[in-house]
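Shown below, as structure tokens, is a lone chain in the form predicted on its own; questions about how it binds or moves come after it.
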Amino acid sequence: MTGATLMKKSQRSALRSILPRIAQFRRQFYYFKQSPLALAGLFITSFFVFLAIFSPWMTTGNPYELHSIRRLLNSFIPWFQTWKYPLGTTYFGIDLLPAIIKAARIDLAISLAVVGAGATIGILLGAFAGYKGGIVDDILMRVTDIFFSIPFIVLAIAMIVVFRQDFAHVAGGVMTLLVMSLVIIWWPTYARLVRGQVLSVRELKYVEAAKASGARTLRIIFRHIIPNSIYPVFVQMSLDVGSVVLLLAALDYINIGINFIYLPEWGNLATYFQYTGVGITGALQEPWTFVVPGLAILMYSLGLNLLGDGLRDILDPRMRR
């Protein structure tokens, strides 16, 4: 048999293995398209991803820094008076339109970093706890329960307050501390979710066959257990990516978040009045300064929640009945 014949056979074999996956994806996308709200969520999320990727080409200057342009401008006065600043400016004379666009990259990066790291830790711990059982399961789940017993936002605030000075002198240190603090409070949810899935998956026939064939524990977990337990995690991740930005805004509001005027981040932009001393009463006299960034947070979170609902519908066959 020639080399060309072997190559053709391998290509046909690879194609046969891919075709069922393609057919499954087409079925799932068909069910996804049946929900207008899910499609709206996909569109909104894609829009913010587009902003995050192309923000350096859509704005001028450093994509991770804001600059003061001029005095506070009202976005509610006739457009021809502020055509250069259609959304107005916020305190310190920062133009809101490029600020919102630049902030999409930072908020999306922080969200993905927190949720990705938290999900990875939770998946690994939950998979090992569910598969091994016994004392391993007891220890890991009791540690998880300890984290669940502490109000998550209180734990995040405590970590930020205690370690803020240690990270303040490092480039990007405050941002790194924020991400680390949020990861620590985010992984227990995924550990509990994956463990529940693994408890049912580990009893299936193909797992027993893998054990009988002498496969190692790590191979069974990474080859059979995790791939067949991870679907609910995707839904939870899509919901959590929006929740991270809401939590960041809450931390910014109580003066424990980023607290750097020229860093483009939606929660930071919405709470600029904290730095000026005008208070909420003064901010209500210039409502565009927090309404515009607040709408960006709202649309971002709403899009991801609608997308998560759509993913839940296509990944859980019971939802399609």
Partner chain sequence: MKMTTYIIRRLLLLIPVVLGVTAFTFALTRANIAVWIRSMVPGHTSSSQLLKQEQKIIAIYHLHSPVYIQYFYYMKGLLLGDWGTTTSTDFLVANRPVFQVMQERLPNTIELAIASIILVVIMSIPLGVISAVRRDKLPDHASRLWAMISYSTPTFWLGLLVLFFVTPIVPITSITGSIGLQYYFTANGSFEPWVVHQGTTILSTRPTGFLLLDTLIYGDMPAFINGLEHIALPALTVALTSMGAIVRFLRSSMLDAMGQDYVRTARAKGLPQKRVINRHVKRNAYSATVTILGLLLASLMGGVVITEAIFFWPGIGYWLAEAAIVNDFASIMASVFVFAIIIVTANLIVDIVYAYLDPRVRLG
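The structure displayed is predicted, hence computed values, not measured ones. Residue numbers count along the first chain shown, from 1.
What comes next is about the form predicted in complex with its partner chain, which does not appear here.
- Interface residue among Leu140, Ile100, Val233, Met159 relative to its partner chain in the predicted complex, by the heavy atom within 4.5 Å criterion: Met159.
- When its partner chain is considered in the predicted complex, Pro151 lines it closely, a heavy atom lying within 4.5 Å.
- Contact check for Leu112: no non-hydrogen atom falls within 4.5 Å of its partner chain in the predicted complex.
- The closest non-hydrogen atom of Ala127 lies beyond 4.5 Å of its partner chain in the predicted complex.
- In the predicted complex, at least one heavy atom of Asp166 sits within 4.5 Å of a heavy atom of its partner chain.
- Along 281-295, a non-hydrogen atom within 4.5 Å of its partner chain in the predicted complex is carried by Thr281, Leu284, Pro287, Phe290, Val291, Gly294, Leu295, in order along the sequence.
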